[in-house]
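Next up: a single chain in structure tokens, the form predicted on its own.
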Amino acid sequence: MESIKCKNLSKTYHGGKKALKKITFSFKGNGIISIIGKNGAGKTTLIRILSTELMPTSGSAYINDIDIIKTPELIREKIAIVPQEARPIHWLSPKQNIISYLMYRGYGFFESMEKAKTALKKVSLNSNLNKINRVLSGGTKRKVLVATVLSSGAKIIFLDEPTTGLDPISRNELWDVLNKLKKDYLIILTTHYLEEAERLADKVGIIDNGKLLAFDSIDGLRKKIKYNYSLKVQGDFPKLKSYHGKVIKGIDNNYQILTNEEGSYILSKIFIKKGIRFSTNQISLEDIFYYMVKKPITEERVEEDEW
């Protein structure tokens, strides 16, 4: 059974920038861990340390009970990573791309060819085996990258913002692929898309300014903030004696009230009576993130680390 464990994992870059501050969490089994946070929160630093690309300043980390800091060479055959900036080699086909990758990892040509076919079948790319990568859509290219790391036989896969820049249809197609794969793999992914984390993740880690604010399932996160309903008010915010929850002003000048089931019922009756436009839903990961971090997440691509 796959496992990952961090204890007091910290990273300070030259100049004193603290990218990670005593990160501690553990997970055992197959599934998806999603790490979310604003730009510069420390997501990519964490992924690079866990995938043995970067040494931490202090703390410990284990994958399958192997110390990845003291003996990184023992774990590299068991993991695979798709970095944020990764792209398939544009003059190769998906099959050739994977064969090249596997031969670089030490496999022979014929074994690599069979593994490439199997991996491409897993992500439903049989019909694109021999097309040149440069003519493929953005979503299909990302699937090629996922198939590439699957071909390695690694059971622990790191995906750094795998769907950034994809259109909604391509993103949903890749989500379907990842949902199927998580039954047999441990996947650690970072993302700017909170809907992506909510739809895919078995556990969500919320990082802000290098600190891990929470690490839990969606239901577990809801319990942590003590609210399970969200009312969003459009237009002028009503003056009430009691709001039965926590009021948050959004960046679009709309308002949100986080409340419990009873508060949602009371406020809904008041808003209907006053003719106030509103919507009510079970609290989402976006609501939880905004509550914990106090700022909305952005989709801008920036350089997070200094290396």
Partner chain sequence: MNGKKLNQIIASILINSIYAMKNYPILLINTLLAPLSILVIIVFISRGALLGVGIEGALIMTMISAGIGLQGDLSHLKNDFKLQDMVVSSPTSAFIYMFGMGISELVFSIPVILLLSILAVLFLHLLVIQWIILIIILLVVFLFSISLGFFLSTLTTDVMQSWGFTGLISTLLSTVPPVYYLITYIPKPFQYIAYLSPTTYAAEIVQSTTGYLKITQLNFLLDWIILIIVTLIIFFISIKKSKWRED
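Positions refer to the first chain, counted from 1. The structure displayed is predicted, hence computed values, not measured ones.
The same protein has a further form, the form predicted in complex with its partner chain, not shown here; the description that follows concerns it.
Contact annotation for the candidate site: 55, 88 and 92 all lie close to its partner chain in the predicted complex (heavy atom within 4.5 Å). Taking the partner from elsewhere, residue 148 is found to have a heavy atom lying within 4.5 Å of its partner chain in the predicted complex.
Not displayed here, its partner chain is approached by residue 69 to within 4.5 Å at the level of heavy atoms in the predicted complex. Using a 4.5 angstroms limit between non-hydrogen atoms, residue 81 touches its partner chain in the predicted complex. Of the heavy atoms in residue 100, some are within 4.5 Å of its partner chain in the predicted complex.
Shown alone, this chain has one stretch from 179-187, 213-221, 103-111, 118-126 that lies within 4.5 Å of its partner chain in the predicted complex by heavy atoms: 103-111. This chain is drawn without its partner chain; in the predicted complex, the residue among 51, 264, 256, 64 with a heavy atom within 4.5 Å of it is 51. Of the candidates 155, 76, 226, 232, 76 is the one whose heavy atoms come within 4.5 Å of its partner chain in the predicted complex; the others do not. Contacts to its partner chain in the predicted complex (heavy atom within 4.5 Å) from stretch 8-46: 11, 14.
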